[in-house]
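Shown here is one chain on its own, the form predicted on its own, set out as structure tokens.
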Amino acid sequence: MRHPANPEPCIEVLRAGPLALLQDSGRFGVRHLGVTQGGPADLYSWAWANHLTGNPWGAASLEITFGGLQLVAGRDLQIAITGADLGATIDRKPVPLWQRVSWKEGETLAFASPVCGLRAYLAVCGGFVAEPVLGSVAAVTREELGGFCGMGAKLATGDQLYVYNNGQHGGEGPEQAPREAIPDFGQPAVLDLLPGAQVAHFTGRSLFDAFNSWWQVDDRADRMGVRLTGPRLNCKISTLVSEGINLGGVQVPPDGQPIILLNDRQTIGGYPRLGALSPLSSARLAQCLPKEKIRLVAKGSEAALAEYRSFRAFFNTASG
């Protein structure tokens, strides 16, 4: 493992927890090779974590799912934790979320279990160091790409993590996110869906049910996709030639229960699609625990694109 920018590790993993992965903005331009994008499941929270620590867009941070992670600092660091409330503490004192805080040498940062939401994001001023694979350090475990080791592995007890020097890669960010920018993961998620190419092939009843019912997040949910349970959706198309799958694509298999595809999805698929969630709605879905309720709302592509462009413009401008 090479770490040319910072020869000394500054964080040690005391306990790994169920799933902690290194994620930058994702791996793009390689889907023709069958390689998926990876990147943060909750793009919104990831972006804010980097912004609060003064890191530029694309800097790597840790995505922590379900909690259980314990880390000890080898030197003084500036960090921000956004996304889910996983009961984070530093030396058993609660860590304020969505703001920049100090993590002193020798102190233990620990994540317990979900209080609200599913995934937390830990950014360190300067950004984590790892060797890019196909242009990205995003960890995709199934494809064995990215992460600190280059093979997509989740964090393991005893791992040593490296961070760029603040002056090399970090900058100045705001002390904390404004109240209106902090999502409330305790509220049911209402998700924008852009109708897709096959939407006209679903029965009228199915379309009514799709947008007028509360769906429940199934236990079968991971970074590849989230299965929903609710009314059965029927499509007049029985088979399709496999085609490219985008982030947030809502596939409907023969059982009529939608599957919403996320960052580690396959690159092609042959089930008919109701449409696709907007990127920011995909991010919100990534914070939903099993059994939570969600609602789908149809949205036009122009409105969704304008919203996403505004989101990116804010962070691109703020990051310089």
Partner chain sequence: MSLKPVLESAGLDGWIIRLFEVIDEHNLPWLSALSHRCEQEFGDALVDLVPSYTTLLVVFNPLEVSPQQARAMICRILADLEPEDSTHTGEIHELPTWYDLSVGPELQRVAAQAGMSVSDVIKAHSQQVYRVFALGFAPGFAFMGLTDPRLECARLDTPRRLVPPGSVAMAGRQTAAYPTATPGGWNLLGRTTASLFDRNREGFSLLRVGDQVRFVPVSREEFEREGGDARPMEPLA
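Everything quoted here is computed from the prediction, not taken from an experiment. Numbering follows the first chain given and starts at 1.
Keep in mind that the form predicted in complex with the partner chain is not shown, yet the notes after this line are about it.
When you look in the predicted bound form, the only residue of Gly74, Pro195, Pro231, Gly87 with a non-hydrogen atom within 4.5 Å of the partner chain is Pro195.
Checking Gly58, Pro290, Pro253, Gly29 for any heavy atom within 4.5 Å of the partner chain in the predicted bound form turns up a single hit: Gly29.
Proximity of Arg142 to the partner chain in the predicted bound form: non-hydrogen atoms within 4.5 Å are present. Among residues of the shown chain, Met151 is one whose heavy atoms approach the partner chain to within 4.5 Å in the predicted bound form.
Taking the partner from the other structure, the partner chain in the predicted bound form has no heavy atom within 4.5 Å of any heavy atom of Asp222. In the predicted bound form, at least one heavy atom of Asn246 sits within 4.5 Å of the partner chain. Contact with the partner chain in the predicted bound form, judged as any non-hydrogen atom within 4.5 angstroms, is confined among 132 to 140, 109 to 117, 179 to 187, 90 to 98 to 132 to 140.
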